[in-house]
Ligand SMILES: C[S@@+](CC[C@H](N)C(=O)[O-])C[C@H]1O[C@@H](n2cnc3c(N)ncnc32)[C@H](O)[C@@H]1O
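One chain is shown next in structure tokens, namely the form predicted alone.
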Amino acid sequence: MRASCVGFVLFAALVGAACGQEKKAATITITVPENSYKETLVTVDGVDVKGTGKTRVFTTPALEAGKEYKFKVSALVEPNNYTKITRPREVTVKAGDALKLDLTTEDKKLDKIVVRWVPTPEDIVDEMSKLAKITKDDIIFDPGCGDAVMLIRPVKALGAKKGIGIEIDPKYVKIAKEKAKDEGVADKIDIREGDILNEKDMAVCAEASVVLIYIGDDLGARMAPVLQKLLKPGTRVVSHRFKLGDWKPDKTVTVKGADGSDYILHYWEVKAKK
């Protein structure tokens, strides 16, 4: 009888301990890319996580034992003064967890890249057109066309047949269309709102015989496989300054601008599909 009482007391004590467990916080140690331009900003569920350097530590509120909790983590990475990369992730933690999250690596499906538009000088657009050997039979494509200078110049100055551009910012779509009208080439310039990382939006490039580009390294690397897939063999591609990921240029030249500065241009010719 006595043993039974002891067992009951132990059982009751265990149940009481389980029911009365203290809530515990969890920690998420976040590793972010290091860059020389600007500190990476990190948020968890929309709340800024303070800190500098390559790591940030987020401590959750007290969590109930045995339950799973999801937190949305986002890093804003600015490797230079014209590129912003938003890197969102979702993590699951339990009370007392000490989780590590690496945000130094790219996820092409989740990461969002925005590049601030910077115009290429008209004389450099002319040099790019010269390198591409543009003629009146060519259709020009510019992904991320901004004010469409890379389309308007070849059409107006060299008589290219047509210019096609896609631009993610509706403000610049409007500006580009107005500029084409002002330059008297609106009937030959087709500007569309679209995302260069969306293959469906990029499908229009299949019509082009020449592609002129001025876009950052990060976006260029993401866009290159799409261009190689969609462009027909023989299409000439010229990029102002930036390369296209691991797609090796056939030629790289340096030209002198009217402003006295040196400008690097890269040239590719799309090869026949194997």
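Only a predicted model underlies this, so the values are computations on that prediction, with no experimental measurement involved. In this text, residue numbers run from 1 along the sequence as written.
In what follows, reference is made to the form predicted in complex with the ligand, a form of this protein that is not presented.
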Tell me whether Glu39, Gly51 and Val73, taken together, all sit within 4.5 Å of the ligand in the predicted complex, counting heavy atoms only.
no
From Ile191, Ile196, Ala160, Val77: within 4.5 Å of the ligand in the predicted complex by heavy atoms is Ile196
Could you spot which one of Val210, Leu227, Ile28, Leu219 gets a heavy atom to within 4.5 Å of the ligand in the predicted complex?
Leu219
I'd like to know if Thr120 sits close to the ligand in the predicted complex, meaning any non-hydrogen atom pair within 4.5 angstroms.
yes
May I ask you to state whether Ile215 is within 4.5 Å of the ligand in the predicted complex, using heavy atom distances?
yes
Indicate whether Asp97 is a 4.5 Å heavy atom neighbour of the ligand in the predicted complex.
no
Heavy atom to heavy atom, is Lys181 within 4.5 Å of the ligand in the predicted complex?
no
Among 152-160, 85-93, 132-140, 110-118, the region lying within 4.5 Å of the ligand in the predicted complex by heavy atom distance:
110-118
Within 4.5 Å of the ligand in the predicted complex, counting any non-hydrogen atom, which residues from 120-146 show up?
Thr120, Asp142, Gly144, Cys145, Gly146
